[in-house]
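Quick heads-up: it's one chain on its own, the form predicted alone, in structure tokens.
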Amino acid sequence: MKTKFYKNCDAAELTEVAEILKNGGLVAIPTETVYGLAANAYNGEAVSKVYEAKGRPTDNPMIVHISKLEEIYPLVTDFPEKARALAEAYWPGPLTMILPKSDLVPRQVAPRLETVAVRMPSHPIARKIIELAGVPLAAPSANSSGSPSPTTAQHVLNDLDGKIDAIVDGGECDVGIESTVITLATEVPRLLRPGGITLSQLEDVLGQVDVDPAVLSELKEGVAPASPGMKYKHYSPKAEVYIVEGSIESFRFLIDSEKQEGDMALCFNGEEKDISVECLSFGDEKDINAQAHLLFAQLRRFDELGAKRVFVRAPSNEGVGLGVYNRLLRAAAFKVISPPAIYGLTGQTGAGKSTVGKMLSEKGYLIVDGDVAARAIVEKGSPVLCELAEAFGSDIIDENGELIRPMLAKKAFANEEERQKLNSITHPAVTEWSIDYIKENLNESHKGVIIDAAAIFDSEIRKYCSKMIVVTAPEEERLARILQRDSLTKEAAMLRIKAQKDEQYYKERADIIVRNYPPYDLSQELELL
């Protein structure tokens, strides 16, 4: 079959398209949500061809599209006041209502169901085609079943060229995800599929609206889907998709700790530069409408890029975001990952950072000790030690092959350029060691991870910390602790204190400040963690 492509969408073309539909053909048409693969809804044989062209499971019901309200009456046995109120509020638009079906609706449209799903699209080309055809159109998304829904005519062509009679190019779809589906065939109206009309908008008209469990979980075995998009893995590229809950910092940690060849990421605008795999964005973090608009196009783009695994930043599940999250759940076959919450812990010398770390360990956090990491990476014979010797001279290693720390410090802290050279060698190694330590030691009993490091603000590992905990204490308190702890002279202790940044530097970069000095109680200071 040669698929015709209609680009002009003038009266002559749309009349020809209508004739194809009247004669039992299949045409992909634009709507405001996604492109739909349309067939005459009264022609069961034509509707059967939709299942065949898409490779669609035959128990997955379709939505019938109408161009004006009076076209719904032959399709249903009851059009209650609640349905009329919804139609007045949101039709034409991205809302589908499920109602008791009439005998005119072929079984192919709603297999095993006594109901039919109907909507009135707002796209002017879609409505004109329905009007010219003179019949309602059954139209699921115009894609190969299971793949991301098409939001451009090119997407349809990629999937269905040679399998359908025609494609009408009406431009890029505005909404980008399929319509909201609500059933009015239950005692309390029930949201079956979220979309461009939000739960809150439905409640504004109807009052109480239940949310079907299948919106956020898998449909139970043996239950017939009452709406498209409820039962099967949907909307998915060829790559394995994983939804990642949590902060951008946790997202970076997950990717860096699990990285394999072929991994890619879908994130929010502006986050790409800090992610270590190839990354696409799908709108600002708070712009749910943009995320809906871009989601399917970006999922398709991953196929073009050859992605094997795609990690997706989880959107909000409020408003239209519930629709975006619902589509991602099905694209990911419900694979949702929640990486550990990672906090940085730091403070000036003598402030009591180690004491706080010990208390947080007792509260159930896994502690990653930056000092332990720094020693581990320069053990005798380690690649990092060899690299340091090459950069700073072999005299930093003693006759036993171990690092002479004072000698390295003398050379590395001679000037800023040498310090940066040291950091470029040690920071990546400390980061890698810390990632491995977390992977090997973190378990379900831990509340999260604390990375205890004095110089964490200058470290690569900072990018994994969603919050920074800074421990503070007055200078005289810190001096007394250092004198007791390290057996230094007062002069030596003060030199160590003055070598660090001042307290204001730490406070300005803190998300949580822990006051470790009288009259404050340290246990109370840590209650929020």
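A residue's number is simply how far along the shown sequence it sits, counting from 1. Because the structure is a prediction, the values reported are computed rather than measured.
In what follows, reference is made to the form predicted together with ligand TXA, a form of this protein that is not presented.
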Testing 489-497, 466-474, 63-71, 39-47 against ligand TXA in the predicted bound form with a 4.5 Å heavy atom criterion leaves exactly one stretch, namely 63-71
Contact assignment for ligand TXA in the predicted bound form, among Ala351, Ala453, Ala292, Ala139, heavy atom within 4.5 Å: Ala139
Work out which of Ala226, Val310, Val168, Ile164 lies within 4.5 Å of ligand TXA in the predicted bound form, going by heavy atoms. Ala226
Report yes if all three of Thr96, Thr115 and Arg193 come within 4.5 Å of ligand TXA in the predicted bound form by some heavy atom, otherwise no. yes
Residue-level question: is Arg119 within 4.5 Å of ligand TXA in the predicted bound form, judged on heavy atoms? yes
Contact with ligand TXA in the predicted bound form for Arg56, defined as at least one heavy atom pair within 4.5 Å: yes or no? yes
Taking any heavy atom pair closer than or equal to 4.5 Å as contact, tell me whether Leu360 reaches ligand TXA in the predicted bound form. no
Looking at the partner-bound form in the predicted bound form, is Ile129 within 4.5 Å of ligand TXA by any heavy atom? no
Residues within 4.5 Å of ligand TXA in the predicted bound form, restricted to 493-516 and counted by heavy atom: none
